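Have a look below at one chain only, the form predicted on its own, in structure tokens format.
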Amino acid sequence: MPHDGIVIVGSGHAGARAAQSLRANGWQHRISVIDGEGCAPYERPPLSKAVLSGKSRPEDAVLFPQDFVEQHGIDFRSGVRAVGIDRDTRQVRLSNDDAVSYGRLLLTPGAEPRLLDIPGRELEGVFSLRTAVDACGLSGQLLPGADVVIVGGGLIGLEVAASAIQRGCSVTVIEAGPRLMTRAVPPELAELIRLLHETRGVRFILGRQAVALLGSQRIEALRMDDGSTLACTAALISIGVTPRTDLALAAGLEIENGIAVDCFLKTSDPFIYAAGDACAFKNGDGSRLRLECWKNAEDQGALAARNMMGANEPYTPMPWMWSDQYDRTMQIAGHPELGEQHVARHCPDGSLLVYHLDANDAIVGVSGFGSLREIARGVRTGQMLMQRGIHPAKEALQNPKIDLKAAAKVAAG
């Protein structure tokens, strides 16, 4: 049959996991992976952490074992981009003037960094961080004594700040909002994180925006909206990402804050699926949600593979993400943004967990910052409570002397 193959556009985390899952679940037909980046698929979380801090290289965290492609008969098109989709003939047109047919098509194009539309953005020494090439370029600038300015006080910006400090750089973070990570964590956690960074030497400027990057060929300074300037030898622009939807849009697929899919990750075309950062899926309440995190790409890639094989399994996520900064970790699970009440649990070692409750005292999310031991345990417990629908009393959530797992067993009968 001409349409017995599956084509995966994008070899990031979701695309790589989909290819692996197809073979693991018994798919015997052709799998074509269109890899526009031109290298073996790799994990992205280490880029802002271990890679920038000098502890590892991008190739140390590959998603495919070295011989996976050959052993499993993957048609891996490296360095070739998908430039169009012909839905009538079910073909993907490629940048090398070739085309590949599909029975099912999975779009995993990921996202790309938002850019500042200000003078000087093309100067040498100005970076965004999304790919291994970005990380290697930025890493080369993180030399002892370098003056690094980071625009954006979100997760990636703060991870880069920690890595740069550890390599002996001077670091200033500029954040337009009144506090760090406004959308990601509650104020109590943001304050703890700010204080930790400041004790390590990071300088924060809140409520200010970058309006120009100054220099002849290389960046030399950054001007803010109050007219003041900061001298720097390198700058990172870290103000979020936007989903890559151009290919899907040109093909006439529905777009709504990403590539719109149903709960089975199927797009408005029954032969085309989407997963990962660019995928906007139907949530349980009918709303559409797009998640930019490792676990979402991991889970959606595998699920899309099974559903393209006919499993018809709905995507019912329990969002989870983490961030390592210095010797501390931050973890977030569930949907803290839905919380109407917030219960703080101060652990003996200084770690902080916050349980986010709805109007009926049900836990809808948990977030924490501190030691890996306390935060991992507290977040796992929060996930278990959410999954089982157990609502401990606020006093129990707040009191670190109370074992929530034991309380959950009692509540469950």
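Note that the structure is a prediction, hence the values are computed from the model and not measured. Residue positions are given as counts along the sequence shown, with the first one as 1.
Quick note: we don't show the form predicted in complex with a small molecule, though the next part is all about it.
S.K.: Which pick from Phe271, Phe76, Trp322, Tyr326 sits with a heavy atom within 4.5 Å of the small molecule in the predicted complex?
M.R.: That would be Trp322.
S.K.: Of these, Glu220, Glu292, Asp262, Glu191, which has a heavy atom no more than 4.5 Å from the small molecule in the predicted complex?
M.R.: Of the candidates Glu220, Glu292, Asp262, Glu191, Glu292 is the one lying within 4.5 Å of the small molecule in the predicted complex.
S.K.: Does every residue of Glu37, Pro45 and Ile156 put a non-hydrogen atom within 4.5 angstroms of the small molecule in the predicted complex?
M.R.: Heavy-atom distance to the small molecule in the predicted complex: all three under 4.5 Å.
S.K.: Looking at heavy atoms inside 4.5 Å, which stretch does the small molecule contact in the predicted complex, given the options 204-212, 252-260, 67-75, 107-115?
M.R.: Going by heavy atoms within 4.5 Å, the stretch is 107-115.
S.K.: Quick check on Arg90: any heavy atom within 4.5 Å of the small molecule in the predicted complex?
M.R.: No, Arg90 is distant from the partner.
S.K.: Can you tell me if His342 lies within 4.5 angstroms of the small molecule in the predicted complex, counting non-hydrogen atoms only?
M.R.: Flag for His342 set to no.
S.K.: Would Ala304 sit within 4.5 Å of the small molecule in the predicted complex, counting heavy atoms only?
M.R.: Answer no; every heavy atom of Ala304 is more than 4.5 Å from the small molecule in the predicted complex.
S.K.: Would Lys282 show up as a contact with the small molecule in the predicted complex if we use heavy atoms at 4.5 Å?
M.R.: No, Lys282 stays farther than 4.5 Å from the small molecule in the predicted complex.
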